[in-house]
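Shown here is one chain on its own, the form predicted on its own, set out as structure tokens.
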């Protein structure tokens, strides 16, 4: 049976080009009513043009779908509220929120102004939080919601010249790690997409032999899956690159456990670094306490 989004209302931020456009087109082709959000600015977030979002809406309508344009910026709380209001005022509900909007202001950290650091975080981190905050009470009330945030390998593994971008992309992972707990009983699922694709944001970064295979439309099937009613994943990071899909997960090593009833010296830590850093026996890292509870129980320090 095909995955469908009939009678579902979706918002895709930054949907005027690249990844966002592909996400919006795919969701609409499967029956979703789509708010195509994009202020139409340049890669660094300056300027604006309504025609960018309008063009994607025209594509969707020409293909027989339903869509409406929105030109608000995610970087301001009141403006982000306007994006959610567009969905509610047009169709009276909101089921899917894809936080895709983004900009780049790349420089080595030594040369980066704090204004550029802050604004990139304002768009990627706070822009995501503003949109989720506005959508949250709606999804709670209807006991349904699918939210996708956009993270990046620039945060999980790092990339030269992207301290602002990498920090923001890790922040949205932390956001959904918490909200997956708070939204679970309301049937709100939150997951992250970690995409790599050839778009105007990456055209100067990707090697020419790889770029032709990094089609943005190859990321969208995973995003659309995370937006589906069938999807029961929650708080996961899914990578999508050139037709390949994988789960990204934090792990914790077996490590070294000392008796907390006794002093621990710097030298004890130094001499145990082999065990602490050994990746041959790792476990998924879940929960605030990691595996310390079971270790303390095994030592007889707790019941």
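Predicted, not measured: the structure shown is a model, and the values here were computed from it. Residue numbers count along the first chain shown, from 1.
Keep in mind that the form predicted together with a small molecule is missing from the display, and what follows is about it.
- For residue 74, a non-hydrogen atom is located within 4.5 Å of the small molecule in the model of the complex, even though that partner is not displayed.
- In the model of the complex, the small molecule sits beyond 4.5 Å of every heavy atom of residue 189.
- At the 4.5 Å threshold, heavy atoms of residue 126 stay clear of the small molecule in the model of the complex, well away from it.
- Although the partner is absent here, residue 40 lies within 4.5 Å of the small molecule in the model of the complex, judged by heavy atoms.
- None of 118-126, 140-148, 228-236, 87-95 except one has non-hydrogen atoms within 4.5 angstroms of the small molecule in the model of the complex; the exception is 118-126.
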